[in-house]
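Below you will find one chain, with nothing else, as structure tokens; this is the form predicted alone, and questions on how it binds or moves follow later.
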Amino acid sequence: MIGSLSLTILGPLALALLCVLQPKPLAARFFALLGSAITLFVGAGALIDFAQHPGSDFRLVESHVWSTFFGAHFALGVDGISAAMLALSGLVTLIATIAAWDEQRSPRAYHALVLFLLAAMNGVFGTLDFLVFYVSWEVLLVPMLALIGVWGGEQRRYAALKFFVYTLAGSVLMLALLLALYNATPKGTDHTFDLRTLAQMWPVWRDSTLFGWPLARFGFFAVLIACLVKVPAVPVHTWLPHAHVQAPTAVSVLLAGVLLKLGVYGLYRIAWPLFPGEAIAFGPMIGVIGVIGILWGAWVALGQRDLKRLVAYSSVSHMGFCLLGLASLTVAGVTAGMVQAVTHGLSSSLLFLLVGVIYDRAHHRDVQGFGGLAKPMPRFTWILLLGALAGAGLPGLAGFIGEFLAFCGGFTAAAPFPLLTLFAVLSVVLSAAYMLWLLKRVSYGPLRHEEHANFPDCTPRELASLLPLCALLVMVGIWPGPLVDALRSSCEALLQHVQGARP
């Protein structure tokens, strides 16, 4: 029988097929809304359940035999971490669908690809089987490649190819890891890709070798490389600005709001549980990579003139907090990584939508070409102010929660994390600088061009995509307890599992 989690995967796939088969573009838009609403309903329901009844157990569990020969099952289930990601996936896709409501270029194919992408993302977030995880992880590259390569800007093919090559190359070692784990299963034991079982077999991976190299070390770095490319972390981040600049607004929202979180989620679900000894040994290295990304992304964002590139580099900076928090191996830090992933999904989606609003009117994104938009576009300016302050980590808004918890976790962790965290704190000044600089150049001062005085303010459709994100940024900032409670038990269980690998 199909359960609710199966519905979040099979439902969007069926709706994607309907988008292609039926002839009406308007129906395709409603199918995309329905698919994302199903995901949001299931994910938010599970997240609320974890907030009200905290625990580290997997819920909504279902399992269907996929291949008895390989020991693979279409096994699904969510804990607090994956419930939060599933809810974020549904929400951001819903917002992106509203933002692309007026898409005129092959709207049926466009929304079918978005639904295909949604199904693949839900497959990553909802599965408990490593093989299903890998298949979903790789398959989602196809619709994203098409969305950028067909509906993107002038250099869309270059950006799409760079995105595809980087992310595919980063995942090749993960396939080798799947085969190695299958081969290393002890004799007399049934082969399985169940992540819960594989996590309990970490002593086997620790004591096994692959071409003379410890299997656990190979596995850890295989997953780490694949995830760092997706995050993206410095120095494998260079595909991100090109992809964002060339992608249409709604695709940038999906890319920043959900796809970047796949890398963080992979570390939480695969690397740390299956290879806890290596997570401990190489934690400081991951922390250094995170801090470099925090400072580098913020510094480069400060010098950008293209609005999309500015927000893209700010994403590199903010995602570094996820790495720093997870690597610290403290309750506050590990929880911070997931809180930051969720809150950045909200704030980055809002900022990319706002960039799309003014691009639709001015047909360029050069920050030097704007100014004084507060007068003709007051609603836009207020929302931009909220988004900028959330991105800068202002207390009382959602962006503050993850960063603050990451600082708390870093300062209470063992050396060298207090020193790394001290460097990371410098990013608070840099993020405030580039966000306020953005706000000042776009909305205040004199009008740069007379035609800007006739720019219409946010339309009802634009407000329908912007206001839910604004409300959540304020609500989570003022009342973060439910989100933190929903995530904390699962993060504590992960931390306890990793600490059990200490000699």
Partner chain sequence: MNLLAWAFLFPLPGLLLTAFGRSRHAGVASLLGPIAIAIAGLIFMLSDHTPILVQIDGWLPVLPDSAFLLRLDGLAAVMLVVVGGVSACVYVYSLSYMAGDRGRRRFFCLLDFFVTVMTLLVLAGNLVVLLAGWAGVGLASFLLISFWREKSHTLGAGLQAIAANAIGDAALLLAIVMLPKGSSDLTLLQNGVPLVSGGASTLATLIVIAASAKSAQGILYFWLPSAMAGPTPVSALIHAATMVAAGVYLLVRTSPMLALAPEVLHALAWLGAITALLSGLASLSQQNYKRGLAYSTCSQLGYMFAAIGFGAPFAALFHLVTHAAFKALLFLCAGAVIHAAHGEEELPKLAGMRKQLPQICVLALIGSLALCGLPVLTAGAFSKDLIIEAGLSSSTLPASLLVLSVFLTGLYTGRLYFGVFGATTGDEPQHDLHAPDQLMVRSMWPLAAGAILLGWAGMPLARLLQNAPKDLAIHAVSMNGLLIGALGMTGFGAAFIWQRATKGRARLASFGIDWVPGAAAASRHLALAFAALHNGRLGLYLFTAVLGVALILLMAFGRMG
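The shown structure was predicted, so the numbers you read here are calculated from the model rather than taken from an experiment. Residue numbers count along the first chain shown, from 1.
The same protein also has a form predicted together with its partner chain, omitted here; what follows describes it.
Q: Out of Pro54, Gly445, Pro456, Gly45, which one falls within 4.5 Å of its partner chain in the model of the complex, going by heavy atoms?
A: Of the candidates Pro54, Gly445, Pro456, Gly45, Gly445 is the one lying within 4.5 Å of its partner chain in the model of the complex.
Q: Since exactly one of His364, Lys375, Arg196, His191 fits, which has a heavy atom within 4.5 Å of its partner chain in the model of the complex?
A: Contact with its partner chain in the model of the complex is made by Lys375 alone.
Q: Okay, which stretch from 261 to 269, 218 to 226, 112 to 120, 401 to 409 lines its partner chain in the model of the complex, with non-hydrogen atoms inside 4.5 Å?
A: Of the options, only 401 to 409 has residues within 4.5 Å of the partner.
Q: Would Trp382 sit within 4.5 Å of its partner chain in the model of the complex, counting heavy atoms only?
A: Yes - in the model of the complex, heavy atoms of Trp382 and its partner chain come within 4.5 Å of each other.
Q: Mark Lys440 yes when one of its heavy atoms lies within 4.5 Å of a heavy atom of its partner chain in the model of the complex, and no otherwise.
A: Lys440 belongs to the contact set for its partner chain.
Q: Residue-level question: is Gly369 within 4.5 Å of its partner chain in the model of the complex, judged on heavy atoms?
A: Gly369: no, not in contact with its partner chain in the model of the complex.
Q: Contact between Leu389 and its partner chain in the model of the complex at 4.5 Å, heavy atoms?
A: Heavy-atom contact with its partner chain at 4.5 Å: present for Leu389.
Q: Note that its partner chain is not shown here; using its position in the model of the complex, name the residues of 464 to 498 with a heavy atom within 4.5 Å of it, in sequence order.
A: Residues within 4.5 Å: Ile478, Trp479, Pro480, Gly481, Val484, Asp485, Arg488.
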